[in-house]
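Alright, here's a single protein chain in two forms, structure 1 and structure 2, each given by itself as structure tokens.
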Structure 1
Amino acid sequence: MREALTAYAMLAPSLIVFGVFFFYALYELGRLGFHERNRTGTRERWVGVEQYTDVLGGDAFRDGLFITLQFVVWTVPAGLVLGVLLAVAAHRRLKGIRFFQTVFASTVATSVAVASVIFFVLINPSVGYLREVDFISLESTSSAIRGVALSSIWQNLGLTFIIVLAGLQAVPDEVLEAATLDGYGPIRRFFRVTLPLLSPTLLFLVVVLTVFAFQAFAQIDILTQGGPAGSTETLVFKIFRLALEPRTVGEAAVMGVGLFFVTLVVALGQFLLIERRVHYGDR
């Protein structure tokens, strides 16, 4: 009993924080979805599940989800591959390598707003240094999402680099030496030995980067404000727009609940599908 009380006492701060800022917030979000407010936001009217079916089955939610998935596709694989390549390049016993490790990891200290402003200077359609690069042009409906994704890839690169570098440093030297004695070259040793041992780290990064991508907002607000022609309006941005008007707060809440469950399903799916190929040291 004493050990149980001690455990609950230690868990109490975290449980309080989760209860107030997550569970209660999620409950309130779900409750708002069942109500419709007047234009001034002073009164609520019960509408039941009708608002859920209308919003989650509507074009606005589907379009926002499609754009969000596009953002995930552009940011997660590219950010993961670049982070792994930089970590492998910096995982060397060379003179001065600490300097490059610091440079590669520096973006982890950069906020989303700062990263977005930096790339706004680079790819701004009017005065940006890279404004003539059509692949990331913010003026085109087909390329604007790639321009926004570029800032997120750069901003998350430091986090990916640090975690992968830590994973590389945890790989036993004896295993790599044994692979070398067996005739494995650098490339084969990386794909057959190092990468399987890094798989738990990569699984963690895939989930984290995917959740970050589903929550993208600041970079879109700064770079495009949802344009051009709504081509960068992710679900979070649509929720923000709807929440500005008191009468559409209920619709915003429904989209928020929908985004939560979509993110939950995607994360669980990644764990179930990718973990089959994850190699743990004790297996």
Structure 2
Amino acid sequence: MREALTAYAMLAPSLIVFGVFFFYALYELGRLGFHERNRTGTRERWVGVEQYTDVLGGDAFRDGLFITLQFVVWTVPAGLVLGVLLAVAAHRRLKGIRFFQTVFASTVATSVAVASVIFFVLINPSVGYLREVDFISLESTSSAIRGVALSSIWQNLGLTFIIVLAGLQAVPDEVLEAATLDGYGPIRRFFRVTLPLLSPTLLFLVVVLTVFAFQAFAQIDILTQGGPAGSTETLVFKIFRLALEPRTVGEAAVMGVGLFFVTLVVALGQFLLIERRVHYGDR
């Protein structure tokens, strides 16, 4: 009895925070989705399940989702490959290697906001140093997402590097030795031995980077504000924009519910898809 009371007392602070800002918030999210407000937010009326079907079946939600997925596609594979490249290059016994490791890890010290300002210097449409590189131009609806993605890739590079390097260091030397004795050259050894052993680490990173891509906000807010012509309005950015306007709070809530389910589907999909290909990479 005493033990139980102690336990509840210890859990209480966390439970209160979660109770209000997670569980009650989820309830409130669903409730707001059934309601609509007037322009000033003073009155609220029930609009029912129709708001759900309208929003989740509508163009805005679909576009937001599509742009979010585009962002995943542009950031995750490239970020992962670059992180592995940096880690493999820096996992070596050389004089001064520590300097290079520090440089490669250094972008963990930047927040998304700082990284976005750094890339604003490079790619902002009026005076950016690389503004004429069409592939990442923030001025065109087809390339702006890639410009934003580049900023994210760079910002996540430090984290990816640190984690892959730790993974490389965990590969047992005997295994590599054995592969060498079997006549494996460095390249074959990397693809046949190191990479399969690294696969749990890489899976972890795929999940983390995908989550980051789904959450992307600051880089869009700073670099494009969702433009041009809404071409970088991810789901999260749309939710943010709609949430600040009383009249569209209900819509924003429904999109939040949509994001809820998308998150679950993505998590499940990643689990099912990648789980079985991990680790025992012998095809």
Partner chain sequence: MATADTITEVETASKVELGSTPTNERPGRRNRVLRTVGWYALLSVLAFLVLFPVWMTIVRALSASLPYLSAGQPVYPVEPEWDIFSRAWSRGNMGRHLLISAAVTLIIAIAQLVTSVLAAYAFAFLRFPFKRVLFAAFIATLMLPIEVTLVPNIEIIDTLGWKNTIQGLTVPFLATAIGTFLIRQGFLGIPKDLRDAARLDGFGNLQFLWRVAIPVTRPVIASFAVISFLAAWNQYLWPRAITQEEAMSTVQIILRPLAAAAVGEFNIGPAAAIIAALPILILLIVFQRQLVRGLTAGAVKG
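In this text, rigid core is short for the largest set of C-alphas that superpose within 1.5 Å between two forms. Residue numbering: structure 1 sequence, from 1. As the structure is a computational prediction, the values presented were derived from the model and not from experiment.
- Of the two forms shown, the one predicted on its own is structure 1, not structure 2.
- With a cut-off of 2 Å and the rigid core superposed, F240 has a Cα displacement that falls short of the cut-off between the two structures.
- For G41, the Cα coordinates differ by 2 angstroms or more between the two structures after the core has been superposed.
- A displacement of less than 2 angstroms separates the C-alpha positions of A229 between the two structures, with the rigid core held in common.
- Once the core is aligned between the two structures, the alpha carbon position of A7 differs by 8.4 Å; this is the C-alpha shift at that site.
- After superposition on the rigid core, the Cα atom of E28 is displaced by 2.6 Å between the two structures.
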